[in-house]
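Here you get one chain, nothing else, as structure tokens; it is the form predicted on its own.
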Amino acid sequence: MPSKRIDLTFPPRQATKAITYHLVKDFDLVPNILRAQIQPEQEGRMLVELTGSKEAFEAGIAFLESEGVAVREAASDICLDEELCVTCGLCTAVCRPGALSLAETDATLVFDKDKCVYCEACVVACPRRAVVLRF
């Protein structure tokens, strides 16, 4: 089954509702929550990978939007401005899932998209602002 990563923004009034539960029960979607920050009465964000049929995905997205949840495609890649990068390794030091590393042979930055949860820690850590997310 195909999967897609999406970034969800929950309005404060929706923070305590079991919205992801409905994606499973009502739409037969399998959510893999990669990152979430949701507090009662505050705007919340969730990065989720949804797996399911195209029809179920479309219906699930329509449901989310009807509940006031903003849905957008998640970042698709980490980009490096090689002219700005000085290969300091700070981005790799903060990358908990290990998606960024320095190659042993030539110390170039290596990005493993499958490990990335798009937490943006690398973007913040880069002193030269050489690391950016591409949507």
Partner chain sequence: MAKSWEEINARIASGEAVVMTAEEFGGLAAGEGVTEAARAVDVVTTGTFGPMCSSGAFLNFGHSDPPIKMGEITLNDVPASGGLAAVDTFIGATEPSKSRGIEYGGAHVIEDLLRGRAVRLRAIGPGTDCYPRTEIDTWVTLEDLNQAYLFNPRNAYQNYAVAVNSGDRALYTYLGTLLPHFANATYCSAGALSPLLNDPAYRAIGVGTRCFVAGAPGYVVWEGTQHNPNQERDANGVPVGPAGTLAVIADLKQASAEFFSAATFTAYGVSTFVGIGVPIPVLDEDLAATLALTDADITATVFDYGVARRSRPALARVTYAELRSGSIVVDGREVPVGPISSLPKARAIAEELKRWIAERRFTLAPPLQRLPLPGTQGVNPLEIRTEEAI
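The structure displayed is predicted, hence computed values, not measured ones. Here the rigid core means the biggest group of C-alpha atoms that line up within 1.5 Å when the two forms are laid on top of each other. Numbering follows the first chain given and starts at 1.
One more form of this protein exists, namely the form predicted together with the partner chain; it is left out here, but the text below deals with it.
The partner is not drawn, yet in the predicted complex one stretch among 22 to 30, 52 to 60, 66 to 74, 86 to 94 has residues with heavy atoms inside 4.5 Å of the partner chain: 86 to 94. At least one heavy atom of residue 127 is located within 4.5 Å of the partner chain in the predicted complex.
When the partner chain is considered in the predicted complex, residue 107 lines it closely, a heavy atom lying within 4.5 Å. Residue contact check for residue 36: none of its heavy atoms lie within 4.5 Å of the partner chain in the predicted complex. Although the partner is absent from this view, residue 79 stays clear of the partner chain in the predicted complex, with no non-hydrogen atom inside 4.5 angstroms.
After superposing the rigid core, the Cα of residue 24 is displaced by less than 2 Å between this form and the one not shown.
Once the cores line up, the CA of residue 109 ends up 2 angstroms or more apart between this form and the one not shown. For residue 47, a C-alpha deviation below 2 angstroms is recorded between this form and the one not shown after rigid-core alignment. Distance between the C-alpha atoms of residue 51 and residue 110: longer in the predicted complex than here (change of 3 Å or more).
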